[in-house]
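Take a look at this single chain, the form predicted alone, given in structure tokens.
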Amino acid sequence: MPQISASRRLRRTPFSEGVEAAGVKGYTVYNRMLLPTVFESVEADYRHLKTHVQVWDVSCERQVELRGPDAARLMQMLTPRDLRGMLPGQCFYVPIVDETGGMLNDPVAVKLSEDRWWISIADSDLLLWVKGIAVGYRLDVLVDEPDVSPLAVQGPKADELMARVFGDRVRDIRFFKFDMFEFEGRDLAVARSGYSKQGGFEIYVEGVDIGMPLWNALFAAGEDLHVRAGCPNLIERIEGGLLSYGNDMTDDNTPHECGLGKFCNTHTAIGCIGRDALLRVAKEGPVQQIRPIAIDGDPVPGCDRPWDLFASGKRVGQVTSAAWSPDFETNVAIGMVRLSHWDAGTELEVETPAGMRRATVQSHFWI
């Protein structure tokens, strides 16, 4: 594949110096920023992630900040998840939908206070949508992108590494909650969250100047823990059923089609844009939905475009992410499958670049 040409439009991160020194071999572009995709190899990175601890530059998870008296009202307008019971110090996974109920993003909402929120976004221009809603409804709220760059620490040894840098209190953070910790005189929000099923934390680093000091401190503290630079791993995320916006779902899909119905409190999320459309979806049910799929045979090529799924020669869906799993010794995949063929055990065929393969719908993801 041709190389990506660097420019000011393709933004570096506060941790790019450390990522390059660690020998990054591949990037993708995510929210106009560099996101590492591989260091040693996808499989070697996968094995290390499941065994030790990694530090990930996920600065591309940009923040949309809502600040002002109408911040909570605006936040509820964006999502069908009922946020009335959310307290400061909590993080909620929130589908963001448009007026038709289509997915615009699947971020994590971070409630700093009643009148200040961060939306830690996936890969889409959500800032522009949120600004438009705020201006159109004349809300008393400031919407902007703060100078915040998340750094993730993921893997079985994440607790030990974080405790060495931030103190043992960091171990007390519960899943999808956060607390404030000091580093070099700066208060940083540290959440127990991250884009893997191996456990870990995300540090919301405010200010470019402390990016590399924090990176270096984590590596110095974790040498005996075999700490390495890492990144979201394709194999591990598919095994865990972690969806990728723009790959596994787009604005053509509703949360219910993406298996996110449990995050839609449509009857009580009063004020949500798209609520009426989602009430109809909730009542009638989706006609297609995300499913885990095992693909037979040797390792499949990279899935950089949808692969059609067939049953008796009729198209019944598509595979959107796929990879060979060393632990489960099969090709693991995520696909959108029609209602008539989404039951566990249903056998299908998938048209891969390596030819037609047999595929089987699974009852659950692998981890």
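Don't overthink the numbering: it's just position in the shown sequence, from 1. Nothing here was measured: the structure is a model prediction, and the numbers come from that model.
The form predicted in complex with another copy of the chain exists for this protein as well; it is not shown, and the discussion that follows is about that form.
Exactly one of the stretches 198-206, 243-251, 223-231, 256-264 approaches another copy of the chain in the predicted bound form with heavy atoms within 4.5 Å, and it is 243-251. Looking at Pro306, you'd find a heavy atom of it within 4.5 angstroms of another copy of the chain in the predicted bound form. Proximity of Ala44 to another copy of the chain in the predicted bound form: non-hydrogen atoms within 4.5 Å are absent; the residue sits far from the partner. Though the partner is left out of this view, Gly136 does reach within 4.5 Å of another copy of the chain in the predicted bound form, counting heavy atoms only. Using a 4.5 angstroms threshold between heavy atoms, Gln288 stays clear of another copy of the chain in the predicted bound form. Each of Gly26, Glu99 and Lys131 comes within 4.5 Å of another copy of the chain in the predicted bound form, counting any heavy atom.
Think of it this way: in the predicted bound form, another copy of the chain has a heavy atom of just one of Gln63, Thr320, Ser59, Gln54 within 4.5 Å, and the residue is Thr320. The partner is absent here, but in the predicted bound form a heavy atom of Leu104, alone among Leu104, Ile235, Ile119, Ile295, sits within 4.5 Å of another copy of the chain.
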